[in-house]
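Only one chain is included here, represented as structure tokens and corresponding to the form predicted alone.
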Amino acid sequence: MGTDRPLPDLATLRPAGGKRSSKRDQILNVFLRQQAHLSADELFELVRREKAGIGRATVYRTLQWMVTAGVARKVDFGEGRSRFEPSYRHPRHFHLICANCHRSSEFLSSDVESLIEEIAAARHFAPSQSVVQIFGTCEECRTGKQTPTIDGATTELVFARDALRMAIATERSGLEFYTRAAAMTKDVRGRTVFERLAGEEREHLATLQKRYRELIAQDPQLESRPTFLFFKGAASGLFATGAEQLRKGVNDEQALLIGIECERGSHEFFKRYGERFEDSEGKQVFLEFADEERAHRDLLVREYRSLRERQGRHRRSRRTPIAKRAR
């Protein structure tokens, strides 16, 4: 996402035993700088503008090598020719393809990914690549209504927007969880921890909302552009389930365990997806949030262990006088 970042060391993309080729490296360099899904002919034209001595056949062979090496993905948008997109440091995503205008729209969904992984595991299958393409008719072709799109210039902004929306939803659900936990916890130390975390959630929420407003100001159409990240659980806040459990009534120990589980799940979610993207504001949001959730998880784990230890001492102190009387 974005064309101004330094390209990776081309040697790291060469498969084991692959011979060095200056022409191949030049073609690869041009390919990785592009935002669009390129056909072989389109890539050849781009390469020819920079290096006239590279032939069409060389470009075709290099494209096939890139697909085999896992550097590029081959996609078919139903227009009678294959197109290619970078897969290096671009997370697995899926396409909506209009059969009328052949335009495509990308999206990333943890729910679709989880289903693919579940099916592959059930069949003891080791997938190397998955392609999900949904063909149909886009809104513009169906109704004539023009809608904001996601192009190369706005992809990074849309990703950052969706990442911030998820982080904000998670902070809101976390604030509700810790506020409710603090109100119902009888243990003074545990209540103090929950109040502290509620305060941090409130502060972080204000910071994220400010970042969101600043981001939206960069593109008047940004809020209405199509969603790129479809993460069902994160979209409603990763603590929503935990807050619902509190409403049913739990003790102090159970409240801490629920909080630990929520923080662990949130940390793993944001870290997992943050590490899949190349450098961008969206990636930064995910990884910053992952670090924050890990720190909260560790604090809750320490408090849970302390509570168990205090409960153990209390039980022992209650048994001691009885034992003395028995003697």
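Not measured: the values here are computed from a predicted model. Start at 1 and count along the sequence shown; that's the residue number. Take the two forms, find the largest set of C-alpha atoms that superpose within 1.5 Å, and that set is the rigid core.
A second form of this protein, the form predicted together with another copy of the chain, is not displayed here; the remarks below concern that form.
**Q.** Close approach of residue 179 to another copy of the chain in the predicted bound form, 4.5 Å, heavy atom
**A.** No - in the predicted bound form, heavy atoms of residue 179 and another copy of the chain never come within 4.5 Å of each other.
Q | Distance check, residue 216 to another copy of the chain in the predicted bound form, heavy atom within 4.5 Å | A | Looking in the predicted bound form, residue contacts with another copy of the chain do not include residue 216, since no heavy atom lies within 4.5 Å.
Q. So in the predicted bound form, does any heavy atom of residue 210 sit within 4.5 Å of another copy of the chain?
A. Residue 210: no, not in contact with another copy of the chain in the predicted bound form.
Q: Classify residue 228 as contacting or not contacting another copy of the chain in the predicted bound form by the rule of any non-hydrogen atom within 4.5 angstroms, answering yes or no.
A: Because a heavy atom of residue 228 falls inside 4.5 Å of another copy of the chain in the predicted bound form, the answer is yes.
Q | The single option of 155, 241, 192, 133 touching another copy of the chain in the predicted bound form, heavy atom within 4.5 Å | A | For this set of options, the contacting one is 133.
**Q.** Residue among 97, 169, 197, 246 with a heavy atom within 4.5 Å of another copy of the chain in the predicted bound form
**A.** Spelling it out, the residue with a heavy atom inside the cut-off is 97.
Q) Taking the partner as it appears in the predicted bound form, which of 199 to 207, 181 to 189, 250 to 258, 134 to 142 has residues with heavy atoms within 4.5 Å of another copy of the chain? A) Looking at the other structure, the answer is 134 to 142.
Q: Spell out whether the Cα of residue 287 moves at least 2 Å between this form and the one not shown when the two forms are superposed on their rigid core.
A: The answer is no, as the C-alpha of residue 287 shifts between this form and the one not shown by less than 2 Å after core alignment.
Q. Would the C-alpha of residue 67 be classed as shifted by 2 Å or more between this form and the one not shown after rigid-core alignment?
A. Shift at residue 67: 2 Å or more after core fit.
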